[in-house]
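Just the one chain here, the form predicted alone, laid out as structure tokens.
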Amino acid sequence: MPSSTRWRAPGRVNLIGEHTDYNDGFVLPLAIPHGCTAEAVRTDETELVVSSAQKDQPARFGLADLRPDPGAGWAGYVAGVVRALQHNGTQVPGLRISVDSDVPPGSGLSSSAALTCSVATAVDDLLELGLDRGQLLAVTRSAENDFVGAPTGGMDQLASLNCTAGHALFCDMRSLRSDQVPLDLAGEGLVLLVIDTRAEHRHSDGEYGRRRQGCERAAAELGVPALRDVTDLDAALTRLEDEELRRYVRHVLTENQRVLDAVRLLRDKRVRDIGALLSGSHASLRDDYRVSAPELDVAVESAEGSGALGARMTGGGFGGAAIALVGQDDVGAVTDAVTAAFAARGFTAPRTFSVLPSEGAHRLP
């Protein structure tokens, strides 16, 4: 049994399929080169000691009395992984876990999933638990949902664990089955330009939960287990009296179809044609689901106006990042246009970088 091990798990960009995961729908994320590295070391103590290259002080938790703690901050994600393993019957020894992440926090690129997945895979390897990716998914989801109290739907962890280089991951969030879909951006002379707006990405203000609860209420009124099961959009909109619920339903159903259309185009090697779907997704998130923000709208509009084939906000919304499908030769022009548009409106200068589909969680030498 090893005394230490190091694993890296990536953040993710969701190519398309936003706010569909907790509606048992479809999503199409890809891993990005940015991620979190976790080193797990066995100790003779009876505590969990967690340190981060991005934080000044370590955090300590007694292994015998780990309890859900939404106020634990970044270290709570690590403690949540250990608690989930304990609840699965694992006798966890004293551990020292060190993490180092280059996923921009608050950007909507899933820094939390990169953290939990790197820790879970490292501890699994260190303790030789032999967990499969489905079991690791359950552990990491529990860390976020049950310990930290973040109402994530599971897509981020699924992507961080299972994505492969050169592919997007088509996920059915009801069955949690996934398929690799070729996404050869480089071969098409394309990149995904990530535009981190630096506008704070917030779920804590209750808006994320409000929409999730609204979708559940709409499904109940329509007599289906989840909005994924609605087969006739027009009939559903007629039955619902609440305009807010009608907007939520319209977004979820049309977004699910956009994911299916994107998968079909990618499998037909028509990568450039997904641009219109990205733009349609953003319009729906902005107008129907209403989770965009002024910075995100400006990023999308200026990218599209300067040569991007399509663009959309990505992640939960209310800040965070947008993505744009851009020709490699147009990256400079699009970046300049977005930066100028932000300056003209007095926004904080955005951070931009290009990504290609990258590898999921993996062991480091």
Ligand code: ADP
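We number the residues from 1 along the sequence you see. Here the structure is a predicted model, which means the values were calculated and not measured.
The same protein also has a form predicted together with the named molecule, omitted here; what follows describes it.
The named molecule is not drawn, but in the predicted bound form it has a heavy atom within 4.5 Å of residue 52. Of the heavy atoms in residue 111, some are within 4.5 Å of the named molecule in the predicted bound form. Of the heavy atoms in residue 170, none are within 4.5 Å of the named molecule in the predicted bound form.
When contacts are judged by a 4.5 Å heavy atom cut-off, residue 195 does not count as touching the named molecule in the predicted bound form. Checking 94, 166, 134, 106 against the named molecule in the predicted bound form, a heavy atom within 4.5 Å turns up for just one residue: 106.
Checked against the named molecule in the predicted bound form, the candidates 178, 292, 101, 284 yield a single residue with a heavy atom inside 4.5 Å, and that residue is 101. Residues placing heavy atoms within 4.5 Å of the named molecule in the predicted bound form fall in a single listed stretch, namely 70 to 78, out of 70 to 78, 124 to 132, 170 to 178, 232 to 240.
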